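Only one chain is given next, in structure tokens, and it is the form predicted on its own.
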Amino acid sequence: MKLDFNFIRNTFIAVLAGVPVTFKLVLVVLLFSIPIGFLVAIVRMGKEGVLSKILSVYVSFVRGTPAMVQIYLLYNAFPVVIMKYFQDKGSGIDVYGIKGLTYAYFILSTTYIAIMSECFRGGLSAIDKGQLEAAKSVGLTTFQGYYRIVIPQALAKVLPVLCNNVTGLVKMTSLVFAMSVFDITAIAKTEGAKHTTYVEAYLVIAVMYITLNLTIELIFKILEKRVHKYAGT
């Protein structure tokens, strides 16, 4: 089989228009999932109370179901149920008017809050609890103790896992085509369908994601070198 290199070149150029969409998705999801995931990790480490148990169920559900199932439930099934409810109430709210990109932000964020919480929980568990108590004993608040002592050490320990999570998020953004969001995958698949050149289209997709993830891995390697002093090595 001969590859259509003209198609590959033209599709590669067309796919570049989807890169900002992918970057925007990743940045917005990380903006929400990192701080909220950290808070979820702290609450779950308490292991007591109703909130901790609810969050445990939430994390288990998200980690135990495929992302496509969550997309189907929230993007396809949920609007049907909600729209019927609004119609019965005589409301003029149009659920179907919500953009696919909004759903993508929400679904990916809820998924990665759970994933990040487990990442941070592992890092926080590796830090001696006595260090936070020692920080309080010298007059630091709980927030200051976490910010100045616990978080820098935990960050140094979780960076490799955090890198895996971010590259995983980049790959997961390829699913947003199911929500009519024109990212890298959606553009390439559309071009492939037009010209029935699916092999070349998927080659373009593969090269784009490999390039993005190799760049992310390089950034994290630089970060690891900068924070390795907190890891005790």
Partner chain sequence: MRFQIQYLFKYFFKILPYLKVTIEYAGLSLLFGLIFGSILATFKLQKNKVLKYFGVVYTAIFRSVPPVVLLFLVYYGLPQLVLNLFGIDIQNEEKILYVIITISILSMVSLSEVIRSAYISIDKGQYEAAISTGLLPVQAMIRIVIPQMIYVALPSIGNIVIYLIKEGSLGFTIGLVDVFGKANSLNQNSYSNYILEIYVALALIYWFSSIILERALKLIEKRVSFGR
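Note that this is a predicted model, so its numbers are computed, not measured. Residue numbers count along the first chain shown, from 1.
Although not depicted, the form predicted in complex with its partner chain is the subject of the following passage.
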*May I ask whether Phe12, Ile34 and Phe106 each come within 4.5 Å of its partner chain in the predicted bound form, counting any non-hydrogen atom?*
no
*Candidate stretches 74-82, 98-106, 131-139, 149-157 - the one whose heavy atoms come within 4.5 Å of its partner chain in the predicted bound form*: 74-82
*Answer yes if any heavy atom of Arg63 is within 4.5 Å of a heavy atom of its partner chain in the predicted bound form; otherwise answer no.*
yes
*May I ask you to state whether Ile210 is within 4.5 Å of its partner chain in the predicted bound form, using heavy atom distances?*
yes
*Check whether Leu39 has any heavy atom within 4.5 Å of a heavy atom of its partner chain in the predicted bound form, and answer yes or no.*
no
_Contact flag, Val28 vs its partner chain in the predicted bound form, heavy atom cut 4.5 Å_ = no
*asked:* Residue by residue through 195-219, which ones have a non-hydrogen atom no more than 4.5 angstroms from its partner chain in the predicted bound form?
replied: Tyr198, Val199, Tyr202, Leu203, Ile205, Ala206, Tyr209, Ile210, Asn213, Leu214, Glu217
